[in-house]
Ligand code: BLA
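First, one chain by itself in structure tokens, the form predicted on its own.
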């Protein structure tokens, strides 16, 4: 839970009965969530609705086994609500969303993880909204290195640079990112902060739609990997990502405040970053040894050592210029 029109996509055909069943399933799960009355005109439910409806047009959405346990929670003070949805498909390991609504804030954490047989980027939308401020991350998080190796960047991001530039005009860079964090973002990332307004909200909704349509196009075109070594690389890359997010996600404080430490930890590791305890055996210290402090403790400031990026570190062609 962290904080345009030239791109076409084709719809896969499906039988009307199958599509109707999917729509019924999706709608019934949506109704299991709930929201509270607040002063916000913004609603992130329509973002999730759009993504589920679009995905249903491309493939068969099946409820994830997580859905039974993780669906809706009241905050401890009774003044907030958490609503969750989770699905899987033939190419998607987990599509999941968390919406938090209180009297003072709204949060959307929507992420889609491909199965390990596909090296498609991870779709990531993390939005935090108050009456005055928005903090936004929207990206196709690269599964493999795009800073030092060009093949993965060329494969997935070269053709998407115009999309990123389009929205960079509306959403200026949001401030410092550490050299470790930047490795998990792509050249088209929207990382921004802005004063809340209905106009900005609509532009953000447009960006979300465009980014998600492009991601669906990528997963549609992805060919299933059969080489065991490449599958292992994809699996480990996803596990590394999950390990980083589960440990460093800045939304942990919000979850702890709303639900308490125990439930917040369960939501992080079992729902939001599901797979961190199942997809691999490496620990945070294994992947990021420079965070290792004295006597086995975790140095939380490890990412503050080295360069940080106050401005967008990619140029207009998508070349990384931060080094």
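These figures come from a predicted structure and were not determined experimentally. Numbering follows the first chain given and starts at 1.
Not pictured, yet referred to below: the form predicted in complex with the ligand.
*Asks:* Okay, which stretch from 69-77, 121-129, 212-220, 148-156 lines the ligand in the model of the complex, with non-hydrogen atoms inside 4.5 Å?
*Replies:* Result for this chain: 121-129.
*Asks:* Under a 4.5 angstroms heavy atom criterion, identify the one residue in 62, 57, 279, 254 near the ligand in the model of the complex.
*Replies:* Partner contact (heavy atom, 4.5 Å) among the options: 254.
*Asks:* Quick one: of 208, 113, 241, 167, which gets a non-hydrogen atom within 4.5 angstroms of the ligand in the model of the complex?
*Replies:* Checking each option against the ligand in the model of the complex, the one that comes within 4.5 Å is 241.
*Asks:* Heavy atom to heavy atom, is residue 91 within 4.5 Å of the ligand in the model of the complex?
*Replies:* Flag for residue 91 set to no.
*Asks:* Verify the contact flag for residue 250: yes if a non-hydrogen atom of it lies within 4.5 Å of a non-hydrogen atom of the ligand in the model of the complex, no if not.
*Replies:* Yes, contact at 4.5 Å.
*Asks:* Please determine whether residue 141 contacts the ligand in the model of the complex, using a 4.5 Å cut-off between heavy atoms.
*Replies:* Although the ligand is absent here, residue 141 would touch it in the model of the complex, with heavy atoms inside 4.5 Å.
*Asks:* With heavy atoms only and a cut-off of 4.5 Å, decide whether residue 193 touches the ligand in the model of the complex.
*Replies:* Close contact exists here: in the model of the complex, residue 193 approaches the ligand to within 4.5 Å, heavy atoms only.
*Asks:* Heavy atom within 4.5 Å of the ligand in the model of the complex: which residues of 171-195 meet that condition, in order?
*Replies:* Result: 176, 177, 178, 181, 184, 185, 191, 193.
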